[in-house]
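Next up: a single chain in structure tokens, the form predicted alone.
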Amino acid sequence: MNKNVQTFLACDKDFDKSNIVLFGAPFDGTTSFRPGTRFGPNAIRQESFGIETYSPYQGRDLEDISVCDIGDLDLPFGNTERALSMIEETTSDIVNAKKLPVMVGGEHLVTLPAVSAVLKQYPDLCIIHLDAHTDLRDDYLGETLSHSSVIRRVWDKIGDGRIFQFGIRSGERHEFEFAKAHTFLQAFDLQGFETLPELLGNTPVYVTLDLDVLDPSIFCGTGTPEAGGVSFKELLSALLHLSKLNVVACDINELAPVYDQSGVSTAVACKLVREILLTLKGG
């Protein structure tokens, strides 16, 4: 680990001795509305020291688990393919070292290369996707690699019946029609999330959390805010079920801190990162 990395709260364990590896993917090269998510990972690290290591929700403490934060990747501007390749390489290195990768974005397209890497190790992988948006467009303005099409590209790799979408409340008509035929989509809320442990059993799971699943009244620091989102308590209640799943990788994305000068959105993101880390079996 780079000794100059300012780590997320208590995530300063040695790589070889850690079960979970945290890293940042500061990329927003395909953002369709307001850019700025590339500043998310660093903001989350800096603000994480405003919360405690202990979670009263779970009765667990970050000090008691082994997490190594290796810092942000030095992703190139203007070269989407190279940036995605670097994310895939890093995720592969972590998975091949028998550790659980936790990536902080960045825009949602960063999920695609991470899933690609994890899929090589876990070919029966399923995806849990929490988001305001379907992200099922085949392209956005002619570009097939976009944060608006990331879940469609994931579907290209894993096929039908293995993507579970929650909180979705925005998308084009054809995206919702595509979802009816190819994914499990719960519109507007997180109902049914609690059934996933029984449904999926020990199947390896990749969790991707787009923070704009939250209502903008709670989380306005994002490039594509959508009214009608879930509350913090609703999201946290759902995420606590991850402890019963075989989560092998996850990401948290789409914080754009510049759009919330109060810092509340970043504080919310920090708390969610803490809670997710503490739910993971690798911890």
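Computed from a predicted model, the values in this text were never measured in an experiment. Each residue number is its position in the shown sequence, starting from 1.
Although not depicted, the form predicted together with a further copy of the same chain is the subject of the following passage.
Contact with a further copy of the same chain in the model of the complex, defined as a heavy atom within 4.5 Å, is made by all three of F49, D69 and F232. Contact annotation: P76 falls within 4.5 Å of a further copy of the same chain in the model of the complex, judged by heavy atom distances. a further copy of the same chain is not shown here, but in the model of the complex it comes within 4.5 Å of a heavy atom of S170. Within this chain, S116 is remote from the site of a further copy of the same chain in the model of the complex, having no heavy atom within 4.5 Å. By the criterion of a heavy atom within 4.5 Å, R60 is counted among the residues contacting a further copy of the same chain in the model of the complex.
Of the residues given (E89, E143, D156, D124), E143 alone sits with a heavy atom within 4.5 Å of a further copy of the same chain in the model of the complex. Stretch 162 to 170 is the answer when you ask which of 201 to 209, 162 to 170, 95 to 103, 116 to 124 has residues with heavy atoms within 4.5 Å of a further copy of the same chain in the model of the complex.
If you take 246 to 274 and check each residue for a heavy atom within 4.5 Å of a further copy of the same chain in the model of the complex, you get V258, Y259, Q261, S262, G263, V264, A267, V268, K271, in sequence order.
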